[in-house]
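Heads up, the chain below is alone and in the form predicted on its own; it's given as structure tokens.
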Amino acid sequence: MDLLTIKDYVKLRKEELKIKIASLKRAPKLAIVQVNDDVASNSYVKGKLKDASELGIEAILIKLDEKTSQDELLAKVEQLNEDISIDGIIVQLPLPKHISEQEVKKIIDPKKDVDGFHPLSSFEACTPKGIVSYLTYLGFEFSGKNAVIIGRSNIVGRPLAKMLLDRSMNVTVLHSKTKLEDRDRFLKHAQLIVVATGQPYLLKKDVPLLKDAILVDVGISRVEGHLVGDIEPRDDVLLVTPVPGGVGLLTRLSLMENVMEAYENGISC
């Protein structure tokens, strides 16, 4: 299996996307709605705008005041739904406490929901899609293998479990209520382990694992001024994805791929 690094894989895919987008009659257009001034969100949005600019995607940022009402936000999203020049829409999380995240997710047109959060979205959620696409490129054989996912969020754990089941993997989803001895029993038989909890070094380096196991670290936390993941660094397995410079890059790439797909779907209608 060719262990191309995530950075090199993303660079390769972005070059391919850039060439494809340059050949289009018009640039795909993404609208990003932000209703917070969260430091992390600002960083994420900056990264998305940078990716779009590099690829030739037109991205507009609509930054609303944190006091914006839920009705005002929903009306803005509806306006973007109806705007035929907009191919994709994302609403940056988190939202202010007075706004229902579920209501906002439901109001986005499924054909434009490039985050993949709407129950009827035309697109796969970006983080799971990025992980599976990268593993596929590496030549990982899914069928019949054992996967353990630690974390059951609607953004990563649950949609990823479905994607792996669709590829005929044996999937076990663990969570905060899983007993430690049960967790370790599942882990020692897994060829693929994905940890997405946001708990620094939840998976310790002394937990026995298969030598050919691939570990995907989705979490990111700041500890004593350093960014760390959910998996303690180790060198006794086939691969541990880095933090930073790992799954976050795959997620952003998948978002751009979804915008491109939304554009193509609109052209074909």
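One rule holds for the numbers: they count along the sequence shown, beginning at 1. Computed from a predicted model, the values in this text were never measured in an experiment.
The same protein also exists as the form predicted together with a small molecule; that form is not shown, yet it is the one meant from here on.
The partner is absent here; in the predicted complex, the one residue of R167, K106, K111, R152 having a heavy atom within 4.5 Å of the small molecule is R152. Only one of A59, L55, L215, L202 lies close to the small molecule in the predicted complex, with a heavy atom inside 4.5 Å, and it is L202.
Across the options 185-193, 155-163, 140-148, 74-82, residues that bring heavy atoms within 4.5 Å of the small molecule in the predicted complex belong to 155-163. The small molecule in the predicted complex is approached by I220, whose closest heavy atom lies within 4.5 angstroms of it. Heavy atoms of T197 reach within 4.5 Å of the small molecule in the predicted complex, making it an interface residue.
Interface residue remark: H175 is counted as part of the site for the small molecule in the predicted complex, having a heavy atom within 4.5 Å. The small molecule is not drawn, but in the predicted complex it has a heavy atom within 4.5 Å of V247.
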